[in-house]
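Quick setup: one chain, the form predicted alone, written in structure tokens, and binding and motion questions come after.
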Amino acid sequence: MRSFLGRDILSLKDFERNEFMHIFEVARELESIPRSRRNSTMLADKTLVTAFYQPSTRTRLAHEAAMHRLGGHVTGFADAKMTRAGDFYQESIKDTVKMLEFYGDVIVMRHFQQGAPHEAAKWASIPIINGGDGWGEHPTQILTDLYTVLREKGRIDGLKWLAVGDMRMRTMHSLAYGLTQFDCPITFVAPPDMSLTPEFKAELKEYSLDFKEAEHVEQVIHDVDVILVEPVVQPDYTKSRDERSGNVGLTPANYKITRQLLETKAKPDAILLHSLPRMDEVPVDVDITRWSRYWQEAFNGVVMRMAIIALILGAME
């Protein structure tokens, strides 16, 4: 297995099965720290730099919380408009990261341009973590989701997945790549204009992913163990900020996971994941049902980022 020391975390296409399992083992070892709401001194001499060119609640704060839990320090920005990349200078990614590498030991980047973290990794002498790049990937979120499934179900192999939402999303791309390393059939349900592209389907076939598509969640929800939902009402991820106002539409019934649907159709031991934020695709009355696991998922988001940061900065092996 390749060492994680100094490694960029850019795409789940770069991961082999044993590397997934090793990260999960390290996460399990570190989980007691945030669960007991304490900080360690593991990375007391290290600093995380957050370079967020797009809005973020969970991804940015989960990385920051993870670094604090490990005893490290955090600096960075959370709005491209507050940087020289967001004003008339339009500073390049190269120039930005060449400066940021002097301010810390690892950079987590979210960007509206697909491939931006990969470009940053070409120029930075410190590791780059992809916190979401346009319509590209979101590897740390799906590592979180897979870890959540492992903790809740005791296994990943052999579970049937249902993914509902916009298949152009970076989370869906990383999910599909991640599941290629496990025995997990998956069904994708999306509006026609948000379905898997022919190019992406061809790529997944090359990776031997066992997948199919359906038109309505009711057609398949009875047969699955894990339900992962994302909104079909989405911002434009190719922009630094989507500032639409007024009514942006509601979720059609085909793509909603309601309490009634879960009670009448879903397996009693199925689990429901959502990385959030949400519109109306998962109504709030689902929160207190036995299926919901998105709050556990949020906690695990800190645990997973702790594992990733600790590994690439050499605090864990």
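Not measured: the values here are computed from a predicted model. Throughout, we count residues from 1 along the sequence that is shown.
Same protein, other form: the form predicted together with a small molecule, not shown, and the subject of what follows.
Listed residues Ser56, Thr251, Thr47, Thr258 were compared with the small molecule in the predicted complex; Ser56 is the one with a heavy atom within 4.5 Å. Residue in contact with the small molecule in the predicted complex (any heavy atom within 4.5 Å), chosen from Gln141, Gln113, Thr180, Thr187: Gln141. Residue heavy atoms within 4.5 Å of the small molecule in the predicted complex occur in exactly one stretch of 65 to 73, 36 to 44, 288 to 296, 270 to 278, and that stretch is 270 to 278.
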